[in-house]
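In structure tokens, the next block holds one chain alone, the form predicted alone.
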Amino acid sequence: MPRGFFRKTEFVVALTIGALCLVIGTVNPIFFTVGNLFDLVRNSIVPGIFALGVLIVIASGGIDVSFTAVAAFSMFVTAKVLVPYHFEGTILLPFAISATIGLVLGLLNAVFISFFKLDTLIVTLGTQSMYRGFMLAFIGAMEITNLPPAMIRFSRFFLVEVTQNRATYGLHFGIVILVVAAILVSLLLRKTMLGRGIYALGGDRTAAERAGFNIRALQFFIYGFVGFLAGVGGIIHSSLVRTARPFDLVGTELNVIAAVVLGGARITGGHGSVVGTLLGVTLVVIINNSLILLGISSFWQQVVLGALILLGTGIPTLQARFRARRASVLVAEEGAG
């Protein structure tokens, strides 16, 4: 076992999830039923895909709050384009259209951030409002219920189906997309020079430039990739709920950012892992979907989530201060000796 394993954020989050599951399952055994567990997995797919993009942004020292607007824009425009033509093809085309729209919108974020050197939070707040406003003003505000048959078929595509108490529950295929995306992002961050550049940019931009990394290219990749994942997540969301609503996903960006931070990504950049991010998503989904099984009002979900964010960001900060103070004391003692 590597030294310091028990102090790693991933271990603490996993321990918290285990304890929370035991408490909820003890109070209400429904938590451990197959149907509930499959529902938790299904509810983790879209936020999990979003979180992988947010992880890359936060690791690079930026922040993006526009990805839910990008996802809603991409999936709604895709449905708006395909429905009038009575599209009868495979699910691949909706995914391709939505991901391409998301990529373009993400690259637009990168233009403002890279060429005009604007703050990432300000840019994405502005484009979030622009994308939603443009969609409602020029594309439409009415929900689309007659989605293409391929998206309806995708909503019923299960890896495994289990019958329990005369009801049938399915493990949705979307989990495969999340796992594949997680593996690719993990390999990107850990095994490629591009991943090292992302961490270097988040750690110290000046040092990254001196090391030879092309900061502008990195930023275009980061925000384009987040938009691409948002487009993919948008189509999955629209398929799962079997409708395309322009107001969907509004406000969920804070839950996703919270999950990434809880998973160990530092908001100051330079740190974060895929495993920690997925554990953070799992924790947030359990809190959002299972507190009611404890008899706790849904109004308390945001309170609990906010408290966890304070703990998740506060403890690493206090640990860093403690280590810095201890190091300065050791240096002072060596100097005195």
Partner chain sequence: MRLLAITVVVFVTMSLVRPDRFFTPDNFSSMAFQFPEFGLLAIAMMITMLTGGIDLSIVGIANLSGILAALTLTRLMPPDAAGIQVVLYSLLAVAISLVTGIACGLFNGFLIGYVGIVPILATLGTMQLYTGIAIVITQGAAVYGFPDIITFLGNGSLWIFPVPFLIFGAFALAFSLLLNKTSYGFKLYLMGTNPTAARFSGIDNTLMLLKTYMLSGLMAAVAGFVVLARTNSAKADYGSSYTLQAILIAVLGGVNPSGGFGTVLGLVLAILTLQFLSSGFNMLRFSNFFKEFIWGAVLLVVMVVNYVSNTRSNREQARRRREAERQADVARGAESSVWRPGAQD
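Everything numeric in this text was worked out from a predicted model, so none of it was measured. Numbering follows the first chain given and starts at 1.
The next section is about a form of this same protein that is not shown, the form predicted together with the partner chain.
Residue heavy atoms within 4.5 Å of the partner chain in the predicted complex occur in exactly one stretch of 227-235, 137-145, 164-172, 177-185, and that stretch is 137-145.
Just one of Thr90, Thr206, Asn214, Ser129 comes within 4.5 Å of the partner chain in the predicted complex, counting any heavy atom, and that one is Ser129.
None of Val241, Val81, Leu118, Leu107 but one reaches within 4.5 angstroms of the partner chain in the predicted complex through a heavy atom, and that residue is Leu118. Not displayed here, the partner chain is approached by Ile122 to within 4.5 Å at the level of heavy atoms in the predicted complex. Using a 4.5 angstroms limit between non-hydrogen atoms, Ile63 touches the partner chain in the predicted complex. Remark: Gly314 counts among the residues lining the partner chain in the predicted complex, judged by a heavy atom distance of 4.5 Å or less. Leu159 falls outside the set of residues with a heavy atom inside 4.5 Å of the partner chain in the predicted complex. For the marked spot (Gly133, Ile267 and Arg321), a heavy atom within 4.5 Å of the partner chain in the predicted complex is present in each of the three residues.
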